[in-house]
Structure formats: structure tokens, C-alpha cells
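Next up: the same protein chain in two forms, each one alone, written as C-alpha cells (structure 1, then structure 2).
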Structure 1
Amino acid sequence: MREIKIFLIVVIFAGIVYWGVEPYAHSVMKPHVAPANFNFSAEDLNYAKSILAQKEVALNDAKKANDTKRIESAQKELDKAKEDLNQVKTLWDKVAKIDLSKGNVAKGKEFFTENCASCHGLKEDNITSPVADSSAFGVIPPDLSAAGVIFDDKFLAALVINPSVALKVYHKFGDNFPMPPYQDTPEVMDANIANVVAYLKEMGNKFETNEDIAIKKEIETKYQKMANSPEKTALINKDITFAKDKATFIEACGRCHDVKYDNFFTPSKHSDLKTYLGSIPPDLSMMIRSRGEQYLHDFINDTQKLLPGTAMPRVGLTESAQAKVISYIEKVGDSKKEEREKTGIYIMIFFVILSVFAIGWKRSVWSKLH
């Protein structure tokens, strides 16, 4: 009976900590945010509206306190929130009017060559970027060969119209973002954006096909001396998946972030990145362990939601591309996860068996004493 009372006390205490204290502490240190939303228009509008609502509450609180300085400060922040919401709404209203299904690939290439190729390369179509390093802009402008398959179509359109608002870095760069907004009459602008997105998608599909072939060939060459077996097939498939995930990571994140545990280093200079962003972007080798998978999903989808004011741009990846990026980060930073989870089950089984024997042994000992 005494043991049962002790057991109940432990259960109650553990329950209070697990369902009471821990969730409260977690909610304070890491406030709940809406999950990743790949409808970027809805995501941006909802976020801007939520900030506006917070600023309205802050202004009302300041008025109730009758604090003049607080009222002035809260009013400025509220005005800024209204301005941000208006910017977001204007941008996505323009995107909504573009019929991306009517894009012309050939005209898109013409537009790209005349307007984008002064900074961006597109290796898949033998277009080389004239910007060879990060000294000019703080970061190397991305080669856009994969852009059409890893980035959302509407995000690409928004990026061309107003880059700093689409990337959610207007608060840092204002109108001085290195990539200028595209301006023209609405009809011409809509047509050109649909064309260039169609061109990027065409090139993206070609790039992905050729890259998959190259990866498969490289991995099969690596294992060519190994006898055919289910184990060999499993190793090849595992390495191919890893290589594809890594390739997507490099296209999406590799211009700023290192992954030292995988011997990957950004080609941009850290000093240039610090000048551009205000700090050196972190090495992502162990990010999966320090932040967790859900945090990374939400953060990459909308950087401002979890880290307001950060200079890191929103990436704009499709859901499948983002899953590949996080898969790569997890495989590098937590390569023993699968093995650890399997071991955990065995350990739990071991303790259950051990408990049975311990209880039996205790009863045997105490029965002789009584």
C-alpha cells in the first residue's frame, strides 16, 4: 500500500509538470504561431492583420493608462502596421490579376535576358551571371535554373513586382533593396511576368531532369564494385535521396548558410554577408536539434512570424521543396534519429521486463521475512 501511495504521488507530480508547468513555460518562451501556409498571399495578409490588431490593442491600453508618450509611440506603430498591410494587399492584388497559365516561354526568355541577366545567371540555358562574387550586393545573386521548380509560381510573380515586400525584408531595406521592383503599365507588366515565370518553370523542369540523371549516375558509379543485392539498392536509393535534398538546400539556402558537418560552405564571403544582413548567417549543421522540425517549417515559410525584425528573407519555397531542405538539415544534424528511436523502444521493453523481475524478486525476499 505504501508503494502505491508513492507511485500515485510521483504520477500526480509528473502530470502537473508535463501538462501544466512545461506547456506554460513553452508558451512563454515560444509563443504559438499559425502553421506554415504555402498560400503566400493568405499568409502575408493574415500576418499583417494580426500585427495591426496587436497595435490597436497596444494603443487602446496606452489610452486607458493616459500615458502621452505611450500613446504617441503606439500610434506610430499602428500607422506603420496599416502601411505594411496596405503594401502587402497592393502586392498580392497585383499578383492575383496575372494569369500565369498564359505565359510564353520564348518571350519570357527575352524578358529574362533583357531585365534579369545583368545580375542572375541561368546555367541550364547557358546564361552566365556577370556577378562572380558577393562583393557587389553582399550576397551572390542566385542562378535561377532551379527557381521554377523550387519556388512557388505566385511568389515568383510577387518577387518580380516588389522584391523587398515579397521577401518580407522591407523593414530593413525599404526602397533600397538590391533588386529593384519591376514597373510598367499593368497590361505589359502582367504579360511579362507571366512569360518570365513560364520560362523559369520550363528551365526548372529541364534542370531537375538533368540533375536527377547526373545524381543517379554519380551514385551508381560509387557503388558499381559492390555486388547486386537488396542492401546495395537500399544504399543507392538512400544516397540519391540525400543528394537531391542537398541540391535543393544549396539552391534555396546555400548562398548564405554553411553546413560544416557536411563540408558545405557558402560561396558568399562572411564579411559581405554581415554587411548585407547585419550579422553572419548561422551554420545550420545542428539547427534541427536546437529548433526542431516544426520551427524550421514555420520559420522558412515566414521568417517574420517567429523572429520579427530578422533580416533573413522569406524563402518562398513550395511545400515539397521545403520538405527536402528540412530533410537535408535533419539528415546532417540528426543522422542517428532513426537508430535512436529504434533503440528507445528496445530500452522501454528492457525496463518493463526488468520491472517485472524486480517486483517478483522483491515479493520473494519480503515473503521470507514475514
Structure 2
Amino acid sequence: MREIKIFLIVVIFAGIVYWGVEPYAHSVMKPHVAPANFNFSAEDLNYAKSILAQKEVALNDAKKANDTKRIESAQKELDKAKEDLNQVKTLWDKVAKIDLSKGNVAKGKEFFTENCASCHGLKEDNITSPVADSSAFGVIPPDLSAAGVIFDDKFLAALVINPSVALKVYHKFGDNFPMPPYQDTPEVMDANIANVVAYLKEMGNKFETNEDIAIKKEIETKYQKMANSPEKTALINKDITFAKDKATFIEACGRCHDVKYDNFFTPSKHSDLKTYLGSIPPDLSMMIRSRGEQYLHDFINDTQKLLPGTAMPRVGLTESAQAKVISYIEKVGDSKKEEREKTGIYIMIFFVILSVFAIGWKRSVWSKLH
């Protein structure tokens, strides 16, 4: 039928325009990155290697162009990329040698009080940080009560050995990162790290259990006056999930970022953060709409991959902790998603039914016209 042919032509041309300006153009504009990898050692090595390969290509191009200045700078960058790869390799080789399963919690606590407690608190074990605000370091040093559950343990080990490389902020801070690297003879170091990670994990699990109980209690109190019903259970469960997600978010991101749409403001001072990082870290309220879930997933996993040169450290979250963080960001920035998708279906069904009547009406009118 002629009408259907015309319709198909319209659909095909509109479809080509859509494909060209949306999926295709955005795939060209967005940097292509390997998917998030929670094996941080493999992630870091792959990334450093990919940079090295890029710099090799750049050097070859410069040589082809026979531009001495370009060759010189490309050579410099290549050398730097090699150095970076070595640094990453050295760090993760050290981590690989540590047997994290053999840590001793009591010894770990001893190590913590002697070496870490001068900056870090651990409230779960009644250790308070002597550093109360962000003026000394630009940011409040984290309380490590939750560290053992939200951070990957190999990442924690790497962090103790060489913080600025593990956090991927070496390009910004060099050897002047506020937290110094830990040095000792290899045997002593391996044992100490295994111990302190074991201690953090023990504390982390304890912290999480206690926090879950506190959250549950608080939310049940909130709904105390409501009569028991399936709706109430659903509401309570929803609130509990949100509170847990938010707690993880605060531990992972809350020392630098605000979320003003959820009335969350970082305890670090903006002016201190700016001195420390170069700019005020963005408010994360609308990040789910401006960046999308996939970007956040890849970015939090390895910040340098999508924003080379950024001062934001790689956070080192485990996959489940990262999922909680993104879930929180989505619930704040796109709080009506559920309602939107439900309402959308209803409105569409409404117009399907209306269409049936409209087709009937048109037929009855046109029966006299044909």
C-alpha cells in the first residue's frame, strides 16, 4: 500500500538522522575505555600499557613528520609512560607477595595505633583522629571504621605501600602526597600490612553490623505510628536500602563532594579542598543525569581512564560498595525514575485504547465518504 511505503520512507530517514546524531556521534565523541575492572592490579597494568602504546604511536607519528621539537616532547612523554608503568608494576608486585589471609588482628591494631592513628581515626574501636578539620591536609583524613568492607583489600595493601600510586594521583602530588609511603624491610612490611588489613576488615565487619542495626532502629522508629501492612514493610525496606547506600556514599565520596539535593555537605572546607585539589569538587546531585550510570561505573573504578589528569583519586571501592554509591547517586538525582517508567506505561496504554476508538470513529465517518 502506498501510504505504508511513504510511512516507511519517513521512518527510515528519521531513523538515520537519529542514529547519526545520537548513538553514532556520541560514540565518536566519548573516549572508548575498557570496562570497569575490580582487579586493580590488572586494571592499572593494562591502563599503563595502553598509555605507553599511545605514546609510542605519537613518537612514530612525530618521527614520520620529521619535526624535531615534536619528537623531543614525544620521547619525553614516552619515557614518562615507561616510568609510570614500572612504578605500577613495582607496586603491584609487592602487593602480590603479601599473603593477606595470614594477618593477625591484634598485631594489626598495634601497628595501626603506632603508625596510622596520628592522622586516622577508627571510631568503631574508640580511636579518634587528632586531625579535626581540613585545614592541615586540605581534606579531613578518613576515619577507617568502614575501610575494611568498602575498599578492596589488595587496594588497601597497595595504598599503605605507596599511596599516591595506588590512588593514581602521582601525576599531581609526586612524592609529596600527604600520606607518606610505608617503608621497611620486605618481611616486616609484608607481615605488618597483612596484619593491618586483617584488623581493618575485622573492624569493618563489626562497623557494618552495628550500623545496620542502628539504621534499622532509626527507620523503624520513624514509621512507628503507622499500622503494620505490606506497604509499611515496603517503605521501611526502601528507606533502609537508601540509608545504607547513603552511608557507603559518605564513607567513599563524602569527604570531598557535596550532594545538595539530599542536603549533604562535606565536612571539609571548600577553600581547603580547592587549595588541595586545584578546584572545588563538583556537587554530585545531578551526576546520574549528566554522566549516566555506565560512565560513573567506569569512572569511579579508574578515574584517570575517563578524565586523564584529574586530581580525583581512584577510590578503590569493591564492586558491591561501588554499586551502592551509584544507587545512592541515582536515587538522589533521578528520584522519579520508578514513577516515570510506571506512569509512562499507563499513558501509553491509555493512548492505545483511545486509538482503537479513534480508528472506529474515523471508519464510521469515512464509510460515507469512500
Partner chain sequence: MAHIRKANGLIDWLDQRLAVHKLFDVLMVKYWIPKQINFLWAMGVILTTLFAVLFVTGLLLVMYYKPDTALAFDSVNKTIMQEVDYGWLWRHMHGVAASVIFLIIYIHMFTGIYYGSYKRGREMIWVSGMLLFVVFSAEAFSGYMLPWGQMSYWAAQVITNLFGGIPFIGPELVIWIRGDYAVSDPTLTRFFMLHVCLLPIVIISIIAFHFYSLRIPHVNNEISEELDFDLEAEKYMAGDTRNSKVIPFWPGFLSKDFMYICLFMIFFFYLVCFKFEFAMDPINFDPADALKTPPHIYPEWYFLWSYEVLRGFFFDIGGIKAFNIGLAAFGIAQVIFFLLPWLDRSEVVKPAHERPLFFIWFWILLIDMIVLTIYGKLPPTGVNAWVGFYASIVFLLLLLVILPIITIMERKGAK
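The first residue in the sequence of structure 1 is number 1, and each one after it adds one. What you see is a predicted model; the values in this text were computed from it and never measured. For the two forms, the rigid core is made up of the largest set of C-alpha atoms that agree within 1.5 Å on superposition.
Engineer: Between the two structures, is it 1 or 2 that corresponds to the form predicted together with the partner chain?
Structural biologist: Structure 2.
Engineer: Could you check whether the CA atom of residue 344 moves 2 Å or more between structure 1 and structure 2, using the rigid core for the fit?
Structural biologist: Yes, because once the rigid core is superposed, the C-alpha of residue 344 moves 2 Å or more between structure 1 and structure 2.
Engineer: How much does the C-alpha of residue 22 move between structure 1 and structure 2, in Å, when the core is lined up?
Structural biologist: Displacement of the C-alpha, rigid core superposed: 3.1 Å.
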